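Below you will find one chain, with nothing else, as C-alpha cells; this is the form predicted alone, and questions on how it binds or moves follow later.
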C-alpha cells in the first residue's frame, strides 16, 4: 500500500515568501513609532535614536550566538572521552 504524501502549508515556496514579507512588515511596524515618539533617555543620548533598542537586541542575540559557538568549541570532547 502506497503512503499518501501530506503537503503542508510550509512546503510551498510562495507561502514562505508571503510569511517572510509578513515578518518584515511586522518588524517595520514595530520600529516605525520610534521615529515619531519622544523618548526620555536615562543613560545616554544614543537611546533616543530611532530603532536603537531593536538594533541593540539584534546585536545582543548575535553576540550570544557567537559566544555559545566559541564555548562549544572549548567544551567539546572527543567521542571516546568517557570510555
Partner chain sequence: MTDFLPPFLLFFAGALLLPLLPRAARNILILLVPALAFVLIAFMEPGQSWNYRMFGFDLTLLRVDKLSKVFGYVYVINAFCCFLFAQHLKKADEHFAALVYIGASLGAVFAGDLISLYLFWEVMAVFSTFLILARRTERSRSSAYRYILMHLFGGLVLLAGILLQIHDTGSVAFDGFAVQTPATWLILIGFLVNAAAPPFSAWLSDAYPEATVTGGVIMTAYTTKTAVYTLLRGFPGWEILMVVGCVMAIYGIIYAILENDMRRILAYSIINQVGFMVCGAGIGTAMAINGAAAHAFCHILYKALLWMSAGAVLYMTGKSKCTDLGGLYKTMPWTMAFGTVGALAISSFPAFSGYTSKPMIMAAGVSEGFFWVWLILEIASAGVFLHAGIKFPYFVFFAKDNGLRPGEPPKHMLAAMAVLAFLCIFLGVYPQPLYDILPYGVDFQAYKLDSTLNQLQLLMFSALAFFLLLPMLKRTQTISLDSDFLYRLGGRQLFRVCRWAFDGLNEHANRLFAQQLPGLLARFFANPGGNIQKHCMRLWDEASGISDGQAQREKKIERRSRSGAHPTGVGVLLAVMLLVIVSLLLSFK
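Predicted model, so just to flag it, every value in this text is computed and none were measured. Residue numbers count along the first chain shown, from 1. C-alpha atoms forming the largest set that superposes within 1.5 Å between two forms make up the rigid core.
This next part talks about the form predicted together with the partner chain, which is not shown.
Though the partner is left out of this view, residue 72 does reach within 4.5 Å of the partner chain in the predicted bound form, counting heavy atoms only.
Under a 4.5 angstroms non-hydrogen atom cutoff, the partner chain in the predicted bound form lacks residue 45 among its neighbouring residues. The partner chain is not shown here, but in the predicted bound form it comes within 4.5 Å of a heavy atom of residue 68. Within this chain, residue 62 lines the site of the partner chain in the predicted bound form, having a heavy atom no more than 4.5 Å away. Contacts between stretch 24 to 41 and the partner chain, counted in the predicted bound form as any heavy atom lying within 4.5 Å, involve 24, 26, 27, 30, 31, 33, 34, 37, 39, 40, listed in sequence order. In the core-superposed comparison between the shown form and the other one, the C-alpha atom of residue 42 has shifted by at least 2 angstroms.
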